[in-house]
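Let's start with one chain on its own, the form predicted on its own, as structure tokens.
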């Protein structure tokens, strides 16, 4: 049975960004709203938070909004609900795909239902052949269909993997338009972790101690498709212009159209907490063939803000200078204190804020005078040394000619650890 969905409020009488509850800040808020709930990304923020920021600003109807760290498309979707034109940039190919599919209008859910029925029937036919094969024979004969992720049977037990491959083969067999195929592929990708031997563990993936010998792949795929069709009916059919671009937000001049100018930015860059988007989305990227091998995943991590996994680790083992005096001054010697415990983590913090500085440099030419900015960010701790990311970000904005309006600390992430999430509000002078 479908859960009761909410509608985002059009107006708030008084913007409140402090002492917010978990659902009004984090990914958990996505589950209450149509389309937002199609894919779980633990470090994403809530649509309610984006709606409150927009209501707080009272942007004109013709305002252009930019989201430079798009993730799964929360900001673009809320802008669509509000009738605001928007543009978003995302480096990770899986997240780019999710955001693109979620923000693309689809007016014929009946066509999706017909295609879903065809794919489900074909998947059952494929599975009837696969289920009788022993594991070694299956892995050899269907090698080209199996995701090329390392230790694939550690991720999915053989029987579960056979079901997923049956779905994948059925999706490939189907002669359906691209927009329908994208919705079907997103539905399949969205269930990959819950039927796997991995789990979301605050927030990174880890493997369960007891593997799942079986899982309801077909049933969950069907439920996901039914939810998709339901949500398409619940979401506004007419949507304003939305442009989702794949690229690096440290180099916006290479991504955005040359004549782009924006009135507002709502975003949440990766936090300096070593969370790896590339690592966490590997299963989905391999399943959808968005990457071909581990080298591509490593390159994504290296290009991302910060980055401490895979190839990025070897990059951090070298020497890092501060990108500008502004970054060095904003960090107040914190990396050097961290360096007394770990040279790698010292370099990670320097690189992270060097990347933030590069992003701001690339962003500034695309903003109108008086453009409003809202950056959601969390602080971190390394060896009990506090890294106040919100204050550091605010100082870097100020050094680059922006006016910081306020820092709103919204919630404690763990009352005992001193971790929190905040919004840095700024304005182009």
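Every value quoted in this text rests on a predicted model; they were computed, and no experiment measured them. Positions refer to the first chain, counted from 1.
Below, we refer to the form predicted together with a small molecule, which is not included among the displayed structures.
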* Answer for residue 269 alone: is it within 4.5 Å of the small molecule in the predicted bound form, judged on heavy atom distances? => yes
- [ ] Report whether the minimum heavy atom distance between residue 74 and the small molecule in the predicted bound form is within 4.5 Å.
- [x] yes
Report yes if any heavy atom of residue 256 sits within 4.5 Å of a heavy atom of the small molecule in the predicted bound form; otherwise report no.
no
Next on the checklist: I'd like to know if residue 41 sits close to the small molecule in the predicted bound form, meaning any non-hydrogen atom pair within 4.5 angstroms.
Outcome noted: yes
The stretch from 378-386, 63-71, 364-372, 393-401 that lies within 4.5 Å of the small molecule in the predicted bound form, judged by heavy atoms, is 63-71
Answer key: of 127, 221, 262, 277, within 4.5 Å of the small molecule in the predicted bound form (heavy atoms) is 277
Checking 240, 339, 247, 211 against the small molecule in the predicted bound form, the residue with a non-hydrogen atom inside 4.5 angstroms turns out to be 247
